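Take a look at this single chain in structure tokens; it is the form predicted alone.
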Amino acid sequence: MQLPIVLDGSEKATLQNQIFDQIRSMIIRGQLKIGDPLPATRELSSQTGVSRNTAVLAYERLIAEGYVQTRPYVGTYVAATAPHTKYPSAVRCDFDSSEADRRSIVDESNDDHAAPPRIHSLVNRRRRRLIADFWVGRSDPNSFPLKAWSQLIWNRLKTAGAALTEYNDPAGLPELRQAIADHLGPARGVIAEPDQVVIVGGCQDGFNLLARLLVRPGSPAVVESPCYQGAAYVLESFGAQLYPVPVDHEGLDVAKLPQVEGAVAYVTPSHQYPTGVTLSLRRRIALLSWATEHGAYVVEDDYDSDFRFVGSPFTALKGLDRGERVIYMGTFSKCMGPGLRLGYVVLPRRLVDGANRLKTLMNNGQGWLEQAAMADFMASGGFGRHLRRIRQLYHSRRDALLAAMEKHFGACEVLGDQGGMHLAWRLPEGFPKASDVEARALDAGVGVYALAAGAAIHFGPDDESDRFLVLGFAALTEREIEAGVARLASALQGDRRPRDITAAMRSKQEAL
């Protein structure tokens, strides 16, 4: 099929952006409907007279932002979860407490059946070979403790007995739950009994468990803006009414929390996703007070708190909680690898029974062998040694990224560099939009990511969210980091600001 796309070479927007904008408009207006096929990139490039690479880049951006999806060996189609199509929930954006300025986006559907939920950008589907891919959340495959893990697996297999042929506790292997409780006390200040720990298949499984436990259609759910897509989309899929609260240099702006009762609040206080800022102690206390006053539960996603490079980390929000209002979530996906599919939830005691019943209904528990091996790894001290080793490795790679950015771009306004596996770069004035930088970088063989492509969702103005790039560094060597930043700088030649101007950007931490 052919699309009515008209390109204008005299326009300021690139040809790639013109294609993206026109196809997106067709979807928003309903001219292209859910499931409608799009022309192949070869056909589109032939029709419009652009290079195939330009068509590919436009499609990749449409895919990253959720407008279209590909079906292997079949083609490209308008996604069922495309933004601005009908969803079963409402989003409230109460960035200003005054009624006159309140912005409310309400999405009502007349269909009898709810639309499919939106899917977050979890898997990097780019198949091109890149000089350096700064994909977010990817751990270093060479750092996995393969020798020790192989021995642990073999030892457990030799003594497995009936463990592989019987169902185990859906809440998790008791030895692993005990090891996690023992680890969290000194590491994060979280005091919990093993029966408060539920083993899940990573944080996404944990989100689903908690949403089933706490969310009803129309119930309020507070999320950070910007925030992790996977959490917001799960809450949305269960019918929650989202209340986005903006993030600044101190983390969640607690002064703008909604005055609603019985909410679920999803936060990433240790290393906010995606900006990387840390929630200040003052605001942590205020958030806990709000939760107690309004009968809310706070879901603390501590996804990469194992990696802190500057000073000591704050005690986890759960460690400060005296009212049993915080649900703590941790994962082994970042420190070991997402292939293990192991994470955990630490619950207030009043929620334990309900969560255990739901966990039984959901999946009867995670695989026994991986749980057993992880329990042994933690109890033996091997896990602690592994964390210390990769923390030092990732620290060196963070330093390499900061040095390369300063070398090629001068002083940069960087957020979240005190810990974690990624940082956020606020692009200075005079630079192209983040989505344009992403496209130019890809054309140069480098993967860098605007918020939408980096599994983040921003509820504020588009021009504000399109000033950030997120850069993951954990899976890249120092040589790859330097080569990638150098290639990015070459791709942006002519858009860079002079060093004496960019030096002034460091002081603008408040403006997100």
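Numbers for residues come from their place in the sequence shown, where the first is 1. Since the model is a prediction, treat every value here as computed from it, not as a measurement.
As for the form predicted in complex with a small molecule, it is not shown, yet the points below apply to it.
- Checking H408, R426, R283, R341 for any heavy atom within 4.5 Å of the small molecule in the predicted bound form turns up a single hit: R341.
- Here is the short version: of G365, G416, P269, G202, the single residue with a heavy atom within 4.5 Å of the small molecule in the predicted bound form is G202.
- In the predicted bound form, at least one heavy atom of K334 sits within 4.5 Å of a heavy atom of the small molecule.
- Y303 belongs to the set of residues with a heavy atom inside 4.5 Å of the small molecule in the predicted bound form.
- Using a 4.5 angstroms limit between non-hydrogen atoms, G251 is distant from the small molecule in the predicted bound form.
- At a distance threshold of 4.5 angstroms between non-hydrogen atoms, G137 is in contact with the small molecule in the predicted bound form.
- Heavy atoms within 4.5 Å of the small molecule in the predicted bound form map, among the stretches 72-80, 239-247, 326-334, 375-383, onto 326-334 alone.
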